[in-house]
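Before any questions on binding or motion, here is one chain by itself as structure tokens, the form predicted on its own.
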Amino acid sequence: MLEYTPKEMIKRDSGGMINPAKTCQPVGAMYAALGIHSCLPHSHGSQGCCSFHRMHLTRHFRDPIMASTSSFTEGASVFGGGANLKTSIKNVFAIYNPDVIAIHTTCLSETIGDDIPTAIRQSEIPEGKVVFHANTPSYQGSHITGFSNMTNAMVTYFSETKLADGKKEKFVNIIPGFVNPADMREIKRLTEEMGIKYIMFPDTSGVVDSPMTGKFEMYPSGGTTIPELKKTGDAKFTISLGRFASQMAAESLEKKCKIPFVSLKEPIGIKATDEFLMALRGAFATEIPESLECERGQLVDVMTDTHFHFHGKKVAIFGDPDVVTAMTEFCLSLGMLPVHVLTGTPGGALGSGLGGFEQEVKAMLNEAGVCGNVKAAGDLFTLHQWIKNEPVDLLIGNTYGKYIARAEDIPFVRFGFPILDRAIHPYMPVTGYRGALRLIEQISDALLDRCDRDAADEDFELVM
């Protein structure tokens, strides 16, 4: 399907995208909102917008994603959607009875300029129920920006300091970033193994991967509760995982409640997982348990046993900036050469004052002595052209990479969001030492399957 992508690269003055490597803000905001217990995400825009966001998440998680909409029509598009929103809030509480409604805006409502806080104040909200919002214009940033904005709204609306005299409770806030629920479970397991209490927000484990029990539950048991979100203001420490999806909320929590924070990479691969555990160890003066030392030792053993599968292999990586950065670091630790690295998200999450994706990845490549192409706010057309000019042994990215992999006949490892053509990914973690083992298995299988396929009969080996 992409056989006619030209090898010659011509500068595009229009700024137009061809095969974007991202989706829009409300998708990320809806996913973050699902990480609050008994919360119904609400899309303030047209029905079509809400349907697209729900469809995208439902196809990835293979679970029905519940959300409501303000159902804009021609009238609301011209005169504003304030009346629609107030009616929606009243109806949603009456019919679906959530504890929380999390409103995210769309490009249409942002262009109109709807005053969401005023509409919320003027709405009929039952006692004990909560409504909050995040501005998520679709034409800025990406779904990672939307996730970041909704997570930041959780802090600005709910976090509060209850303890006097600057006292803090002995627990850590963990902001996990835009990762699958299995990754959130794994990060929580690592923290529990360290014997440290925590509050994770948002937490979609137990929500978008809830078990089938034979009984429909509109609001599964998972998710961060509102009392927990309020309590985040009394934590000793905050760890934000992934600068682009999580750091803005950690910065807001520091300003609002004086909670110090550290911003780390997603704990994907051995080095990033080490840094996560050492941050916990340093903040709470606790030792790394033997169980985690064992897991790390197993990972080192496997990396040593299989290093010849990976050494010197050229790889192209694309997807969301936080997971791509961590995956690039992990590939370097395996001896691979990430010669093309691309994200569709702009260089820094809007409003966060973050440094650039390109700067961070180039620093890693330079330290490893690897010369490669790195681009933020890029598209898959550019990535395909890079690969045509410098072929790779492996492509790592989300489902949309399958077209490039087919056109160029490259082994392909599915990683990140969304995975639309394979199942189970949201249930299998890639974080922590165990997640790194799974990634090694996936990468190794892809490379060795290609060796088997291309081997002559006399070179077809039983032991590899």
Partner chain sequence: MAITEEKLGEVLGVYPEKVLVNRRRHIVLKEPDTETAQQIEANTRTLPGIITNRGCAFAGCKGVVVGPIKDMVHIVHGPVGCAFYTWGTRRNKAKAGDDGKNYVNYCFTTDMQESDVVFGGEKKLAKLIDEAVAIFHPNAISIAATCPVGLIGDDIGAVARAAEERHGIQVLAFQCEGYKGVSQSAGHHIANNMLMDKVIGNSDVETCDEPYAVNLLGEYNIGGDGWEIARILKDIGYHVVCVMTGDGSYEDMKLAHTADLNLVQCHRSINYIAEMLEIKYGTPWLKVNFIGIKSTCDSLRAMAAYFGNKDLMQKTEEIIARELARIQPVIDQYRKVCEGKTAFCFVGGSRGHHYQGLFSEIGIETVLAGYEFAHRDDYEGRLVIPTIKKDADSKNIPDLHVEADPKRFRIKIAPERLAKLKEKFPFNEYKGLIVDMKEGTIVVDDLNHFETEEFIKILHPDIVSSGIKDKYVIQKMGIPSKQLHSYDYSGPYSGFNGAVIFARDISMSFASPTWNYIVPPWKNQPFLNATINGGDQ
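Residue numbers count along the first chain shown, from 1. Computed from a predicted structure; not experimentally measured.
We do not show the form predicted in complex with the partner chain, though everything after this point is about it.
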Each of 273, 335 and 371 having a non-hydrogen atom within 4.5 Å of the partner chain in the predicted bound form: is that the case here? no
What is the one choice in 218, 294, 363, 278 with a heavy atom within 4.5 Å of the partner chain in the predicted bound form? 218
Which one, 312, 126, 211, 166, lies within 4.5 Å of the partner chain in the predicted bound form by heavy atoms? 211
Proximity of residue 455 to the partner chain in the predicted bound form, heavy atoms at 4.5 Å: no
4.5 Å heavy atom contact, residue 158 to the partner chain in the predicted bound form: no
Consider residue 54 of the chain shown here, and say whether it contacts the partner chain in the predicted bound form, taking contact as heavy atoms within 4.5 Å. yes
Mark residue 380 yes when one of its heavy atoms lies within 4.5 Å of a heavy atom of the partner chain in the predicted bound form, and no otherwise. yes
Given a 4.5 Å cut-off on heavy atoms, tell me which of 228-236, 187-195, 166-174, 68-76 is the interface stretch with the partner chain in the predicted bound form. 68-76
Do any residues of 394-428 have a non-hydrogen atom within 4.5 angstroms of the partner chain in the predicted bound form? If so, which ones, in sequence order? 400, 403, 418
